[in-house]
Ligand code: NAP
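As a starting point, one isolated chain is supplied in structure tokens, in the form predicted alone.
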Amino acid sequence: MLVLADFPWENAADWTGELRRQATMHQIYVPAEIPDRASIDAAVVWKVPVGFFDGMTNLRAIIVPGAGVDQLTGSDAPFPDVPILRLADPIMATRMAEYILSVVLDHHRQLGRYRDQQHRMVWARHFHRDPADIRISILGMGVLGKKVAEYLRMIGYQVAGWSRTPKTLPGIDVVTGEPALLSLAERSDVLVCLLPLTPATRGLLDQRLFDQLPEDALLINAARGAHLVVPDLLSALDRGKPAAAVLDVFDQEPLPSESPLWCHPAVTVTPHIASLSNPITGVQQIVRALDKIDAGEPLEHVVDRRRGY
């Protein structure tokens, strides 16, 4: 097959090179090299401008090299009525679990407080709670959410989840529906957002939700920036509910220098690194998808356009 690959990241050359190395049965081109747009069988793309798919009359599938597809399905650019496949790299779930666990432990063991004491040359010890007494709620119980829950439960934290559709997971109370979401927030010492971005979840992290949180709660958003209503968060932080926020994703990336999030004392900013895709394992998933498309076999991880994931 002829495959158009357009990776948007700083290490795009690594991804393209790895795809060419692994996909020996297919012809891999970047946009500047395409000889004939009508001959393209599959496109590996993240976000595309209007008109990107013009002339691709024989396109059979679109592969998104990431777990989320909102940047494609939620754009104004029309795209062909072909299957959209998302990446399901197990390494990404592990990386996300590592990130969330590290943030939770940093907060739980009050390491930020000790860093501040070091700057002031203060020697003081502080009591910290047992993990079994800390309630962590995960919004979004897909592949990422399940792996995060597994890591947190291994340490001994209380873990609950919220999902848009009913799910049964061993040892985890998973609830659905808006009333259950607000009730869950009331008993969340840590609230973690790992939801897909859809019209129903956009702006979900808002004042109404923050008002339900306990004192000293921590908010972690590692899903999409558009889940968060930033003015509501800043107002809520000033009132101490939540007491702190760790944000890895933003509506505009890179985060503009004028954003108040950079300098707010209760906010920690990381540059969308919670679950970076690995070129080797990510490309393995892409090649598996390309081979199935070429052979006419049933496809995996096909996006439901109505739900947006």
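Not measured: the values here are computed from a predicted model. Numbers for residues come from their place in the sequence shown, where the first is 1.
Keep in mind that the form predicted together with this ligand is missing from the display, and what follows is about it.
Enquirer: Among 259 to 267, 63 to 71, 237 to 245, 30 to 38, which stretch has residues whose heavy atoms lie within 4.5 Å of this ligand in the predicted complex?
Expert: Flagged stretch: 63 to 71.
Enquirer: Using a 4.5 Å heavy atom cut-off, which residue among 153, 135, 108, 164 comes into contact with this ligand in the predicted complex?
Expert: Answer to the contact question: 164.
Enquirer: Between 142, 131, 83, 214, only one gets a heavy atom within 4.5 angstroms of this ligand in the predicted complex; which residue is that?
Expert: It is 142.
Enquirer: Taking this ligand as it sits in the predicted complex, is residue 205 in contact with it (heavy atom to heavy atom, 4.5 Å or less)?
Expert: Residue 205: no contact with this ligand in the predicted complex.
Enquirer: I'd like to check something about residue 272: if you look in the predicted complex, is any of its heavy atoms closer than or equal to 4.5 Å to a heavy atom of this ligand?
Expert: Residue 272: contacts this ligand in the predicted complex.
Enquirer: Taking this ligand as it sits in the predicted complex, is residue 201 in contact with it (heavy atom to heavy atom, 4.5 Å or less)?
Expert: So residue 201 counts as contacting this ligand.
Enquirer: Does the 4.5 Å heavy atom contact test between residue 192 and this ligand in the predicted complex come out positive?
Expert: It does not: once this ligand is placed as it appears in the predicted complex, residue 192 has no heavy atom within 4.5 Å of it.
Enquirer: Taking heavy atoms and a 4.5 Å limit, what residues of 205 to 232 are near this ligand in the predicted complex?
Expert: The stretch 205 to 232, when checked against this ligand in the predicted complex, contributes 222, 223, 224 at the 4.5 Å heavy-atom cut-off.
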